[in-house]
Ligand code: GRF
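Next up: just one chain, as structure tokens, the form predicted alone.
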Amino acid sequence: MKKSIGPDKVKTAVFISGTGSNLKNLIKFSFKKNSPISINLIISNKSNAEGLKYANQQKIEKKIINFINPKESEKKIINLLEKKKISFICLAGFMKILSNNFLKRFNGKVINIHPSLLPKYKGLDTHKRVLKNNEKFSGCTVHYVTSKLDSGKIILQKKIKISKTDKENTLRKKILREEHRLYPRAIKKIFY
């Protein structure tokens, strides 16, 4: 999947459900000369996702797909992605599980960032669970997406030390800062 720099950037879609801080970070990264991707489409399953504001600011096409009927929703998304010639997908806080059928279409070209050191703490409420278990370390992981939740091959991980004073919100902020560094590095690792 090597790509050269410049107009040949890989057309990418970002899927979000929430605040979009990783989306904002990926958009900034995509503008850099040495970035292998350009973000051409943003998909959200929530019309009130905060991250959609960045799509508007940067004039990136966005679509809201509600996932009431997952099969139909995936069909719509596939049509959109094909129409826009998207060949790479970054999940950034997207709270829906994509089917095997969907993932097969994008064989190995869907990645996600997760706020724990996978394979530990898959799923939701990671920071709460990490703290409850008195872990000494946590972190974040960029991985390939499979139909099994947070189980795909790991691309990169960043480990951080948990301080005795960390609460859920301080740990979340700490890890989010690392996510913003790790996601672009993982994308470069895939393409270069």
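Bear in mind that the values here come from a model prediction, so they are computed numbers and not experimental data. Sequential numbering from 1, following the sequence displayed.
One more form of this protein exists, namely the form predicted together with the ligand; it is left out here, but the text below deals with it.
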In the predicted complex, is there a heavy atom of the ligand that lies within 4.5 Å of any heavy atom of residue 184, even though the partner is absent here? no
Against the ligand in the predicted complex, would residue 98 count as a contact residue? Criterion: heavy atoms within 4.5 Å. no
Close approach of residue 176 to the ligand in the predicted complex, 4.5 Å, heavy atom: yes
The ligand contact in the predicted complex: residue 89, any heavy atom under 4.5 Å: no
